[in-house]
Ligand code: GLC
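Let's start with one chain on its own, the form predicted on its own, as structure tokens.
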Amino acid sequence: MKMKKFVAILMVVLLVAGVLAGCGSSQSSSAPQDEKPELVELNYYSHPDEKGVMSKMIEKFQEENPNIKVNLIELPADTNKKLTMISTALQAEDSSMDVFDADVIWPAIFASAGWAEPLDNYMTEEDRDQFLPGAVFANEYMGKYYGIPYRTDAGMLYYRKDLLEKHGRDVPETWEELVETAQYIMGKEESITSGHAGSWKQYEGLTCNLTEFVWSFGGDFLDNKGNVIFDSKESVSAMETMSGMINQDKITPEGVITFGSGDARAVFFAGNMVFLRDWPSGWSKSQDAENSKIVGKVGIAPLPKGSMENESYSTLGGWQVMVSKFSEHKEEAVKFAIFRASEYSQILAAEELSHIPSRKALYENEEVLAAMPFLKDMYPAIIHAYPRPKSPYYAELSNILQIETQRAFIQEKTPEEAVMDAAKQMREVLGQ
């Protein structure tokens, strides 16, 4: 850092000296017109470079911006570890991190701490309107925007369309119908050992699953003023339904409370389960014969409702790119962030990684639809995906929900007790 400042000062001194020399000379002098601009280096803290897709994006960006070099810093695949590493760098005001990936729930955390650069001066309202409204809303905090969504996600119901057709069953519209259909097919098909699973271990995936159940029954977590409203009969019904799938209905795989998304997929892809709650990124894997025994037998639909009077909801997932408040190259960092969320980048990620675009126009893009044909039909569900509660204390609230939900799963508490205890702890965290 000191060396950079010394070089900058030296350049200024030499420039001033040159001007003074020119003033005392009858000869005119001028700087060379073909000087190359100074090379700016950015450090981008990102997901692991799966299939080399990020390297391709960076190479393309550098071709278009030869004065900017982007160094890819690959973070662990585990989301919690990503958060720890990024938070540590930001808290230390480390200027070496310029641009970074952020989960959909992080913008409020980083913005409230003063660690993220507001992007309002770099992007117009028209620019933001190119993206899905839920994805844009997730990046707003206190009236300012802090991230650019480059990938969205929404919880969806995967189902064995061959088995439903064989047994004359419709895709379930309610959770009750899902349980009944799962039990029926499990009783008819020897190879089907489970009816349904999601990511139900104690981590963020469980919060995503829980929120979908709660919303589908008409419940919620916080009101628009940030007050806790989780302790409702609707939330209790949701918790009873989830716990019942394990303990009374017996349709979940053994050990489901230790399942991340990969574990739930494994059972479904092996051909042993009827339904699966998963993100859209599981689609390409389900159609890969090296990883799946059910290629061509999978359908995707909106998640079930709590009842026919309620609505189907999906938890909004996805990733954004943010710029560090402490970057010394903010203008270049924003330029790369905008490219990271560009149509080029999102089409490439859709084709190679089954990443769901955050740009509305891409849901009619031929290249994207060729890679994921289900997107056109699922667009209404995706555009109405609901963001998790936005709070600077989200991590603490999510952890409470995970712990209390698992206590209901193992019957340490009744579903009602788990809901009430969770709400009480949430109010304590928020000082209510």
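For clarity, a rigid core is taken as the largest C-alpha set superposing within 1.5 Å between two forms. Predicted model, so just to flag it, every value in this text is computed and none were measured. Heads up: residue numbers just count along the shown sequence, starting at 1.
One more form of this protein, predicted in complex with this ligand, exists but is not displayed; see below.
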Pick the stretch from 128-136, 296-304, 196-204, 346-354 whose residues have a heavy atom within 4.5 Å of this ligand in the predicted bound form. 196-204
is_contact(residue 179, this ligand) in the predicted bound form, heavy atom dist at most 4.5 Å: no
Does residue 110 make contact with this ligand in the predicted bound form, using a 4.5 Å heavy atom cut-off? no
So, in the predicted bound form, is residue 334 in contact with this ligand at a 4.5 angstroms heavy atom limit? no
Find out whether any non-hydrogen atom of residue 119 is located within 4.5 angstroms of this ligand in the predicted bound form, and reply yes or no. no
Residue among 236, 104, 228, 276 with a heavy atom within 4.5 Å of this ligand in the predicted bound form: 104
With the partner omitted here, the residue among 272, 79, 174, 284 that in the predicted bound form has a heavy atom within 4.5 Å of this ligand is 79
Heavy atom contacts to this ligand in the predicted bound form at 4.5 Å, residues of 379-416 in sequence order: 388
If the two forms are fitted on the core, does residue 296 show a Cα displacement reaching 2 angstroms between this form and the one not shown? no
Superposing on the rigid core, is the Cα displacement of residue 232 between this form and the one not shown 2 Å or more? no
